[in-house]
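In the structure tokens that follow, a single protein chain appears in two forms: structure 1, then structure 2.
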Structure 1
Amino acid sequence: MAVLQAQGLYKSYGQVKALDDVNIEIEDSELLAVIGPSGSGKTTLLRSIAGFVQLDSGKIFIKSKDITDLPPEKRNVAMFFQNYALWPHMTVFENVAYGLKIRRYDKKAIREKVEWALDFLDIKSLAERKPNQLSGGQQQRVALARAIVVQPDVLLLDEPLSNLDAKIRMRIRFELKALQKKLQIATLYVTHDQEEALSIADRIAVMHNGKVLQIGTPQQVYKEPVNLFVADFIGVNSIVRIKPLDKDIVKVGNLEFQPQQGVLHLVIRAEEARVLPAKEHVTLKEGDLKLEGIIMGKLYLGSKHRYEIKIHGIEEILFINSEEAFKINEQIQIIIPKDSFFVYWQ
């Protein structure tokens, strides 16, 4: 059963369409991650569901109840604000307890729930501090604790882990996912971090210019992108663009493509490509792509190098990470498995 349904949402600011016929559903205990570039409509969608943005048209339902015109406090949703929105005069404990007090929980229940939330996010020792005594990452964890402690019908998270350091962020991903499933909270999770979305989401919605371009499992969105934008946006990619010079065939590396209208865009999953010495023998599987080129530049990334590669016969420069060590001006070959590149004409 869908806990949250957003149907035909439109919102414009002058000539800018922040939401353009957006339709989403979130099932009971499901986590839907919304990703897209800045200005794609992610936060507007989140704030519309929370009740902070008045829609031009469309309907929002929570558990089949039309909440489109209800004020935020009547929607039984909890939102994590990107700017934290903590009360400066309250302690951490009081900030987290605030929503429970509004909902008229008794003192014992408030203390138990708040202590559980603080312990879960590893901030129990901060309970008596004020927000101005906390670091940015600590403030963010307090805001997250305040959102989850009320056990809402829908949890709205806007970049909840962005200010945490890498180790804590990785741990909280696992714990947040486990908590969300345990409490069976339908969750809308906005993030710029694709790895975060792929690892934590049950489904992913990709937005661009106010539209939802694709909704699917992380595997579907990554392996079966519906268009050039989604293919390029998800993952670490390089793009080869070729304008056909004749009507018979377009050759890229060892593969040939039938010309269609427009320019050929070949999106290569750079993280799945292999860079090998030019003379190394490679047995290709059917559909694999082989490109030959020369190393133009490199950056040391610790466990890998990031190479700037000029492909023979192609104008674009490709950027590929590899554990192999190559020298500048060395001739190389790139092997891309057939499921690791996508072809679009436009």
Structure 2
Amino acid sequence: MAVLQAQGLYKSYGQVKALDDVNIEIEDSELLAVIGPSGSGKTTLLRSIAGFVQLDSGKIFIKSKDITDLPPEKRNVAMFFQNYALWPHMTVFENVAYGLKIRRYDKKAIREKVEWALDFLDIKSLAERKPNQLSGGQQQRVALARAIVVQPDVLLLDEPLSNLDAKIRMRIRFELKALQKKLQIATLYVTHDQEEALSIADRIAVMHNGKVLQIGTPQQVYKEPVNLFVADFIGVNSIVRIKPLDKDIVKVGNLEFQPQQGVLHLVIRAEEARVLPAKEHVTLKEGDLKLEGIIMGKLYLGSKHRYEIKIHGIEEILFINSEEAFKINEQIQIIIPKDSFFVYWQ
């Protein structure tokens, strides 16, 4: 059963449509990642679920109860803030205990629950410190402890890792995922980092201009993007645009496409494309794409090279990484498996 249901959410700020008919559901103990470029409406969606945004229309249900018109404090939804928003005048213990205190738990129950949460996040030793005496990572744990200790129905996380440096991010990413699974809290996780979303989400919602373009598992979103925007936003890609000259068939490498309205956009998952010497014989599977070209430039990236490749008959330059070494001006071929490129007319 869906813990959270949002149906037909609309919100405009003047001319800007921050939410444009948004429909999402989160299942019990599911982690739904919402991704999209800056200004796509992710934060607005999160804040409207928390009750801080007055919707123009739409309904929000938590455990089948309509909470659309409830104030934030009545929703039993815990929000985790990008800057942690800890209360600097209270100790770590008090920060975590406050949500329980006003729920009128007795002293002993509060102590037990807070200690459980601090223990859970491995910060018990920091209980008596003030937030200003903690590192960024520690503050983040306190903020998480504060959010989970009240056992919310839904946990809302807005770019929870964006303040941490790249190395810690990687580690915390998986800790967070493990924690969420252990707690079995339905979670909405906002990020603009598609890689982060792919690695921790059960399902992903891709937003653009206030619209949810696609919702699906990471595999679905990666392998079957519904449109050019989603295809391009997910993964590391090279895009080629080809304007058909006449009504004839459009030839791209070994494949042919029926011309349609607009320009042909070929999105290539650069991670999946293989670069080989032109002479080498390869047997193509049905639907695989083979492009022939010439190396224009290269960049050394440690374990591999990034090649700048000019494809015969196509003006745009492709950027593709490969572990193999090629020389400038060397003739090459690029093999792209059939589920690693997408064609859209737009």
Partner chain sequence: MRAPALILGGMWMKKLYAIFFTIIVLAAIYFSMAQIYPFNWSIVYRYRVVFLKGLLTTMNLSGFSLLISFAIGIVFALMRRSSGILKEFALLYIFFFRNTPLLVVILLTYYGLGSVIPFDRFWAAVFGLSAFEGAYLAEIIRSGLDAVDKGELEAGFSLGLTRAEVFLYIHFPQALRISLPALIGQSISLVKDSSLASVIALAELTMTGRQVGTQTLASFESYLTIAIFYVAVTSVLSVFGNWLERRLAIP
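Please read these numbers as outputs of a predicted model, since none were measured by experiment. When a residue number appears, read it as a position in the sequence of structure 1, where counting begins at 1. Rigid core here is just the name for the largest C-alpha set that superposes within 1.5 Å across the two forms.
- The form predicted on its own is structure 1, not structure 2.
- With the core held fixed, the Cα of A50 is displaced between structures 1 and 2 by less than 2 Å.
- Annotation: Cα of L19 displaced by less than 2 Å between structures 1 and 2, core superposition.
- Shown in the overlay between structures 1 and 2, fitted on the rigid core, is a CA shift at N237 smaller than 2 Å.
- Taking the core as the reference frame, the CA atom of Q140 shifts 2.9 angstrom between structures 1 and 2.
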